[in-house]
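In structure tokens, the next block holds one chain alone, the form predicted on its own.
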Amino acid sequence: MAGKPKLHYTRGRGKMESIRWLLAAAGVEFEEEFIEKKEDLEKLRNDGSLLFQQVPMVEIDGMKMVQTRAILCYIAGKYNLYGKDLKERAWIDMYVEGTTDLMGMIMALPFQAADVKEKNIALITERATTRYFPVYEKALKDHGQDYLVGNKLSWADIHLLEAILMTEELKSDILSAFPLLQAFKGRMSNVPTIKKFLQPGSQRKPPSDEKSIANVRKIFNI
């Protein structure tokens, strides 16, 4: 029997958090080996574990997978969260790329100076409510199902919930004009595997604090 996937990353969210979300939603138990200092990263680089010298890296099914998108696609496909055909997969990809863009803006915030950060929070809020969330609200309305694609849970749904919760950390009422997304959030949060992941004590990571950001800067020479 294959062992549990092992995730190699820092203790923060970063690019690994969406991988944690997807595995947890699929009901897959996983282990984490944290990169605590620069030497831990160098060891992975020197022993040939990192194809492009970068993390995230996930050990799964005898592979040492790198590149966030490749890892996510593999997990989505393996655990039947990637649609029933090529067309559904294309829609899932489009929706996921949208939420990836939005979350990428949020992930950059802790590394920004206070004045820049304040301006970018306003920009993120504006983009979320005028560019991204209207698309998902309309998709749910037009599709007429509980899910974004097809009639079952997919990677797109999981990624959207992660993005919603991240934006709510910046502005708690950000979904006020999106009733279908509010209902979607409630449904997805009650999927048993996701509900478990949202409980205190799970492997979900909290927002970064100053101490963790300082450590990340040191590890990656940022």
Partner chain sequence: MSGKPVLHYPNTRGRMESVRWLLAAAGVEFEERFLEKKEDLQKLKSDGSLLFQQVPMVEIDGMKLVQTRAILNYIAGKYNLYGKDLKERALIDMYVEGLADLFELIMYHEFKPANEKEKDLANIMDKATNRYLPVFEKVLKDHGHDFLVGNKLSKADVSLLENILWLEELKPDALAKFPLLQSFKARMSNIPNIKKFLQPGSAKKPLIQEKDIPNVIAIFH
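Owing to the predicted nature of the structure, the values given are computational and were not obtained by experimental measurement. Residue numbers count along the first chain shown, from 1.
Below, we refer to the form predicted together with the partner chain, which is not included among the displayed structures.
Enquirer: Within 4.5 Å, heavy atoms only: does Lys64 come near the partner chain in the predicted bound form?
Expert: Lys64 belongs to the contact set for the partner chain.
Enquirer: At the 4.5 Å heavy atom threshold, is Lys195 in contact with the partner chain in the predicted bound form?
Expert: Outside the cut-off, so no.
Enquirer: Within 4.5 Å, heavy atoms only: does Ala113 come near the partner chain in the predicted bound form?
Expert: No, Ala113 stays farther than 4.5 Å from the partner chain in the predicted bound form.
Enquirer: According to a 4.5 angstroms non-hydrogen atom cut-off, is Gly104 in contact with the partner chain in the predicted bound form?
Expert: Result no; Gly104 lies far from the partner chain in the predicted bound form.
Enquirer: Do all of Leu140, Glu169 and Leu175 end up near the partner chain in the predicted bound form, with near meaning a heavy atom within 4.5 Å?
Expert: No: none of Leu140, Glu169 and Leu175 comes within 4.5 Å of the partner chain in the predicted bound form.
Enquirer: Looking at Lys78, Lys117, Lys152, Lys84, which is the one with a non-hydrogen atom within 4.5 Å of the partner chain in the predicted bound form?
Expert: Checked against the cut-off, the match is Lys78.
Enquirer: Using a 4.5 Å heavy atom cut-off, indicate which stretch of 143-151, 118-126, 91-99, 105-113 touches the partner chain in the predicted bound form.
Expert: Among the candidates, contact is made by 91-99.
Enquirer: Which residues in 42-62 have a heavy atom within 4.5 Å of the partner chain in the predicted bound form?
Expert: Going through 42-62 in order - heavy atoms within 4.5 Å of the partner chain in the predicted bound form - the hits are Arg45, Leu51, Phe52, Gln53, Gln54, Asp61.
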